[in-house]
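The chain that follows stands alone, in the form predicted on its own, written as structure tokens.
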Amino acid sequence: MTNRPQVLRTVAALRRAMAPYRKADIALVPTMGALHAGHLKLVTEAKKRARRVVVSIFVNPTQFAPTEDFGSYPRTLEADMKALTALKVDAVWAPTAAAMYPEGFATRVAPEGAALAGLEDKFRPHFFGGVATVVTKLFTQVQPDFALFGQKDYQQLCVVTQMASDLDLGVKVVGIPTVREKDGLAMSSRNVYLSEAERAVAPTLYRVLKASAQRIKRGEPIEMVMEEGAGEIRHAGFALDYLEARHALSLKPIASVKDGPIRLLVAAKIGKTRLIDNLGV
């Protein structure tokens, strides 16, 4: 019978478990659980980079606004453990909220730069402070050599990469390409919220990103392409938050292909489900 990864619930237990691992490289895959094929791809990539792999599972309350889905966010620990056992993960760091934010906790990380790009931060102003704080804690708790994040949350990847560098956390942040369903929809734990009709429409976001990237490569004006893409997304039934062409590294607005590498980013709501996606040009 395959051995299950040890599940660690307290910082003290985590540190005891990590001590012998430090003789080898350690890779961390931070997650909020409800694991899907995208998460499992991160784990397989982690195993290529390090002899020891730790997966964190923590639904972080500080990155949810009161109106968001913290209470209903899918929690599937037993299924997650089966998947991680099959991949021979070494340990699962699954702390309680009290372990992460004990009584009297009073310190926050306040990122700037890409965290203030006017994308996710415009619609979820609480989000990156919560992400930066919890990821800093995860990095200092596990002390990994590598940390793997999916590119689907592209702005988050930029923020975490900058933060790890700026704070000298000693972690190499690795972005892994988005894993998609056969019809192009980016895999996400929140996809389970979609009704059958909404699920049929959801791949529109990726189709628009692909078509827009191809048009920009052909030399069509970025502003026009973005405007027409936004119209197509709205016509499909989405409430669009943004469809933007940004510099792929700084996330600053970009007007021409001459301004640097381009990343197209989109966020939109269909029904009650908010989806995000992105694509390089």
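In case it trips you up, residue 1 is the first one in the sequence shown, and so on. Everything quoted here is computed from the prediction, not taken from an experiment.
Absent from the display: the form predicted in complex with ligand AMP. The rest refers to it.
The three marked residues, D25, F139 and P144, fail to reach ligand AMP in the predicted bound form, with no heavy atom of any inside 4.5 Å. Exactly one listed residue, out of V201, V134, L169, M187, brings a non-hydrogen atom to within 4.5 Å of ligand AMP in the predicted bound form: M187. The shortest heavy atom separation between T31 and ligand AMP in the predicted bound form is within 4.5 Å. Mapping the unseen interface onto this chain, R246 falls outside it, with no heavy atom inside 4.5 Å of ligand AMP in the predicted bound form.
Not displayed here, ligand AMP is approached by H39 to within 4.5 Å at the level of heavy atoms in the predicted bound form. Shown alone here, P177 lies within 4.5 Å of ligand AMP in the predicted bound form, counting heavy atoms only. Just one listed stretch, out of 205-213, 109-117, 144-152, 77-85, contacts ligand AMP in the predicted bound form at the 4.5 Å heavy atom level, and that stretch is 144-152. The partner is not shown here, but in the predicted bound form the stretch 56-92 reaches within 4.5 angstroms of ligand AMP through a heavy atom at Y73 alone.
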